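Only one chain is given next, in structure tokens, and it is the form predicted alone.
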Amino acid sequence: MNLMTSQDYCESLREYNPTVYVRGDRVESVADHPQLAPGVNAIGMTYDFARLTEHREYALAEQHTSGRTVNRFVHINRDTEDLLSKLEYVRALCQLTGCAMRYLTMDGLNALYQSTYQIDSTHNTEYSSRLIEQMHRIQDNDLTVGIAMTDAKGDRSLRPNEQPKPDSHVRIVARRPDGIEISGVKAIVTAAPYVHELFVLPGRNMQREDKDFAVACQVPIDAQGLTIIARPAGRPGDAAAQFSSRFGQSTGVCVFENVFVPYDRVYMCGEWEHSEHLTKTYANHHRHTCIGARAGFGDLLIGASAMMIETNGLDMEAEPHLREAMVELIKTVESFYACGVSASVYGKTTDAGNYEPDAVYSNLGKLLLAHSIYDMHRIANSVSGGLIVALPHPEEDHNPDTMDKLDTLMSASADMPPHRRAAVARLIEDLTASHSGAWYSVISVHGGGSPEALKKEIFRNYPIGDKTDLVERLIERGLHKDSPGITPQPGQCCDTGCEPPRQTTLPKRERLH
């Protein structure tokens, strides 16, 4: 078992020399750049957390292909217990970091595990054995692998092969005896500057004409020809950022320019008919994970809101409107988390042998949190009062001309020191009313797929046909005749009266357990 510490992780990043730009400047060392520090800190927590004895039950897992104990974030899920442990692990880490990011590695591995098995079964390829070999290397070295999936897309009314700028989607530009070369742009790549490697995945379903865009592979972060243009992680250096100055997330645009990938790291190479399976499989695994992540963030809002009420000198039990607001916040968080639990319980073993969350519950949970994130912020803001955005900057706390004068502003509950009230207020501002707070909202809505994509998957997987069959069976048994006030007549229920019901045209779906 090789488990790195957060310090080991930083040292490992220094062994790479990626081409990264942040705010117009070339980054010499991603492990040491202050604009990326909150993101490096957040992923570092995933290493230290797994080494603590009290967390090992759900932070570690036994990899069935090797028998080794590994960090759950580089593990192939095998059953319901794995999915439930994943949810708990992600939730606990995001209570500390807001977004742990490294879980993307796990989601990518599980999706590729299923996809490579399917392609091999159809085309007699060797993608699955390649993936397992690389997965063992990732596990043995305790690496973090990011996901480069969302393409720049260009004109969204056109398919990839129709784009006036072909680089709007990553594609194969050359096939060599020893590997392939890829070019194109991937956008919104989470944690791009400070991962070790990237899984490059197709961002949509492809058609035959798009076969060069049907590519999945693994690329080291410092591969020649790869440029990463990134945002700062969180709010580094901002004294008012109680949370996001320490923990945050960078996203990057990844530009591939004739990047060479050896065949032992290629997992799809033109098999266009399997691209949809890979994208939907990854989306399902990741949406399930997002539920745990946003539940951890919700826990922060619940705790901070309760503390703000207390620091304001109020008692939730004595104030019905505050109690009602807190119950609403709790209901919201635990409702979408319950969907994640259901997706774990009603998951299924795939043909590849890993375990996939139930698609309906995964997408429902993600849709609920996407719709609820702004309500969560609204409730936290409502119970906290306007102080969270009116409090002067922390520099005034140490200004001899103003610090004493602010004590009157910050004094409320006799049991709560003024500086503690200020700290809670700034935390809620950071989580809900800063640009980091807005980022959490947008990523909750669009991370893992837009609400429209979620609705499409819910409709596609939900057994509506079974429900219409249920009603048809009731009608066929004549139950409507026993209902008072219902008298079938010619010309009313049908032309001739009481004809057998027509067959539904809705497709039957596999019943939920």
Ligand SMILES: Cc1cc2nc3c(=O)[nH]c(=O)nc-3n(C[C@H](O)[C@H](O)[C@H](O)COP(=O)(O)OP(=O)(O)OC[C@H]3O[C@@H](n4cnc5c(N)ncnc54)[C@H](O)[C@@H]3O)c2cc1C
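None of the values given here were measured: they were computed from a predicted structure. Numbering starts at 1 and runs along the sequence shown.
The form predicted together with the ligand is left out here; the points below concern that form.
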* Structure fact -> Among 164-172, 146-154, 428-436, 238-246, the stretch whose residues bring a heavy atom within 4.5 Å of the ligand in the predicted bound form is 146-154
* **Residue (of H55, K455, R68, H446) lying close to the ligand in the predicted bound form, criterion heavy atoms within 4.5 Å** => H446
* **The unique member of T190, T311, S85, N354 whose heavy atoms fall within 4.5 Å of the ligand in the predicted bound form** => T190
* Asked: Is there a non-hydrogen atom of A318 within 4.5 angstroms of a non-hydrogen atom of the ligand in the predicted bound form?
  -> no
* Would V327 count as touching the ligand in the predicted bound form under a 4.5 Å heavy atom rule? -> no
* Asked: Taking 4.5 angstroms as the cut-off for heavy atoms, does L104 touch the ligand in the predicted bound form?
  -> yes
* Asked: Within a 4.5 Å heavy atom cut-off, is A390 in contact with the ligand in the predicted bound form?
  -> no
* Asked: Who in 234-255 is close to the ligand in the predicted bound form, meaning a heavy atom within 4.5 Å?
  -> T251
